[in-house]
Ligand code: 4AD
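The data below hold one chain only, encoded as structure tokens and taken in the form predicted on its own.
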Amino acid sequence: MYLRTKDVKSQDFVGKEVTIRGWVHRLRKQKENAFVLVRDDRGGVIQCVFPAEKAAGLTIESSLEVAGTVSQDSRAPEGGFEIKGKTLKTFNIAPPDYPIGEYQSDELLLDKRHLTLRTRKMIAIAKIRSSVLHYGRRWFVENGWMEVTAPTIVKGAVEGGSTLFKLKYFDEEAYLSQSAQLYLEAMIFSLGPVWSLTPSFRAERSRTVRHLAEFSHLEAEAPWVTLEDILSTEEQLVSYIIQNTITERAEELEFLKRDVSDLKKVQPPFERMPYDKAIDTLRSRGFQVVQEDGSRRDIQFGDDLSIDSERELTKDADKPIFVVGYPIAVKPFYVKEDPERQGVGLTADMLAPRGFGEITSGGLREDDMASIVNRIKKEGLNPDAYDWYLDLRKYGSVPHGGFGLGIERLIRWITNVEDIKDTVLFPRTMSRVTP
């Protein structure tokens, strides 16, 4: 029976013989001894010491099985435990030209992503990602929401037609889904509060550090709710994910040099900042927007928030901020208009602190048939493509709402990495579709 490195790095195993399997992570050869850092299949690393001749043929990323005795030595890396190797069995000897070294360009690391995933940084982020997904699912299960699965091949847009990926579906034209929301709305009539975790696709020609063409989208929808109900659900969910993840993945976050003291403060309630106040705050700080012709002007009511304006609003925040009540004109057709404030949507975006920007968007859905048909036409969409969706307004429509959370954006904030491409195993952007 073989063990993982995490198991054997313990006082309980000192002096005992163990067997581990893994890959050569680092290799240092001296005249008499070879010091082999072995990485197991969960990313754990331990030093194994062999007579130099026994490790003569080893190379970086060769796969092997090591049997030996565990000893404790303060000089040993990775926790002060090591294995005095007795036997060494190889499964594959890698060529000596392994392309991933200590210092590589970002482009090479993306071109060789299938190998980059073996680096300690990417292993740590992958584990954190796993915890984020696990605790997101657990929160919904514990709170009585039902998981469902929506299609990713669709006939209509959710977030505007300009960012659709078109595809040939047999003899028809179809698209990759931008969001599962419309399908979740259909399911609330028979299943109550529902949620899903599916890939979403946006054909945005954007090269920013927070945009992906394919991302993991956690979405939820519920009947008989108010806007405050939705915001309360979001802040509870995000807080639950973060507090459990920083506990379970303390070792990985420490490896990434992530100071989690600010994350520990992420507990409900989060501030609700009216959109009007957000604009006034930005204007008071002299914030300007760049227009299409390159000129600049002061931000004004009616402008959508950008990466830069979101950063300005949250640069000194310790917790996320909800910006509430955006103009209906900058939101998709399904957003419900506030009956007491014409032109204002019953919607909110959650902005992560310290400039990490929007991580959720949600609100109430328009449930008036005439209003939603008018909005669909206004956005240049074809109402015929939404026949089934409009049926939801014909037959037993109720006040309802929900939200979507971008998993990669949440992970980027938790890990404090600069580029969102580092939060996903195989990133898809406007310039990258391989490996």
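Numbering starts at 1 and follows the sequence shown. Remember, it's a predicted structure, so these values are computed and weren't measured experimentally.
Form predicted together with the ligand: not shown, discussed below.
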query: Exercise: E252 in contact with the ligand in the predicted complex, heavy atom 4.5 Å; finding: no
query: The ligand contact in the predicted complex: Y183, any heavy atom under 4.5 Å; finding: no
query: Touches the ligand in the predicted complex: Q178 (any heavy atom, 4.5 Å); finding: yes
query: R202, heavy atom within 4.5 angstroms of the ligand in the predicted complex; finding: yes
query: Listed range touching the ligand, judged in the predicted complex by heavy atoms within 4.5 Å, from 36 to 44, 396 to 404, 22 to 30, 382 to 390; finding: 396 to 404
query: Contacting member of D308, D338, E235, E358, with respect to the ligand in the predicted complex [4.5 Å, heavy atom]; finding: E358
query: Contacting member of L282, V323, I128, V158, with respect to the ligand in the predicted complex [4.5 Å, heavy atom]; finding: V158
query: Contact set, 50 to 68 vs the ligand in the predicted complex - heavy atom within 4.5 angstroms; finding: none
